[in-house]
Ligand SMILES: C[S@@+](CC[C@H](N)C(=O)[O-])C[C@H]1O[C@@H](n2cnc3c(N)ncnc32)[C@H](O)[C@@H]1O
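Next comes just one chain, in structure tokens: the form predicted alone.
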């Protein structure tokens, strides 16, 4: 192999062989399914929107529990602005080159946070903070400093707080990295997606290797403890050769974590994806082979699969959490904080009190108007039933530990009894081990974790959709 001027490693054939997944299982289980960052999943939230008073009550109860236990809370901030549209992206975003939007949006975020602080009645303990988007590094370092100092003024930041942000390699400057480091951030995630020029062109995500190398090197020089790369398989025009080149190039830079996501083709949600067609996409067996190749290359480079689509070096805290059964999953993805109360600030953000979900208005202007008038900007949500809470915990266990167990009280939930019947088919396909009081995902079953969790999804089974709501599981 050789490295070209772009920095991307060029693989010379023949490529090493990887173990193929049985085609019949791929065809059988490649169906639309949720990624289970929550249960119930958003499309299955109840139609009745919680009132503002109901939302406040659930927030106050969640804070009381988190404060008394010392567990603290997680804080997610959605910064939706991007200068260019990446056509693969399914996130809520606003495309603009007008940076005058930064200041009023920060003002709205701080006003929303103050609404929560008034409910808490005392300073919350922050155990996790994440800046997502959009493109957080769209904002200037000075504005990010103003935002974070405003948030911290009414809070207590835990000494071991996990603080992270998402950065675009093209616009993340050393000043961004230094400013956020001085504010307490020690984790950064860079959206790479793919190093292949043709794939970058069709998804409108052009970023030279030199930019990725620069921000990775600068983050390490400054002192960041954990660097994550986001990579995607199943993108238009990807081939086995291009994905292999991308992964080997990424492995050479040795990020501490790698998220190797399955591309979610949902053009009915993200119209930008209509700029290419399904004929441009690797499908079924071809797409799954890309993942198996990636997994093999990651493992050869020292990474361990710690959860769905996620790999980490053994020196990373996420790996330690997976080994100590402390891995947690919520709307921010996998994390090690374990906090059950998460406040989401910003347009489209979702908050989770564990007993209720609330999503903010998606349009920036309507979100800001609601906050400016002193109201929580929730436009939809869900109050979890006792059945929801039981199923939620078991799905979370499977997503984070590849196993779960239940007791006699759990089995009083009819939905769990029904799920045990559905799990039998997965036993026959040798994907899980099912005992009287537990289920263990086998190595062959890990690629089908979404399908396994679907067997427990009572709301999905009771109300099978007439149209496709989710991306395919393979």
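This is a predicted model, so every value here is computed, not measured. Numbering follows the first chain given and starts at 1.
We do not show the form predicted in complex with this ligand, though everything after this point is about it.
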Inset, instruction - Mark residue 88 yes when one of its heavy atoms lies within 4.5 Å of a heavy atom of this ligand in the predicted complex, and no otherwise. - result: yes
Inset, instruction - Spell out, yes or no, whether the shortest heavy atom distance between residue 191 and this ligand in the predicted complex is within 4.5 Å. - result: yes
Inset, instruction - Although this ligand is absent from this view, report whether residue 264 comes within 4.5 Å of it in the predicted complex, heavy atoms only. - result: yes
Inset, instruction - Mark residue 167 yes when one of its heavy atoms lies within 4.5 Å of a heavy atom of this ligand in the predicted complex, and no otherwise. - result: yes
Inset, instruction - Counting non-hydrogen atoms within 4.5 angstroms of this ligand in the predicted complex, say which of 246, 349, 135, 337 makes the cut. - result: 135
Inset, instruction - Have a look at 388, 256, 230, 102 for me and say which one sits with a heavy atom within 4.5 Å of this ligand in the predicted complex. - result: 230
Legend entry - Location of this ligand contact in the predicted complex, chosen stretch of 358 to 366, 191 to 199, 67 to 75, 388 to 396 [non-hydrogen atom, 4.5 Å]: 191 to 199
Legend entry - Partner contacts in the predicted complex for 108 to 129 (non-hydrogen atom within 4.5 angstroms of this ligand): none
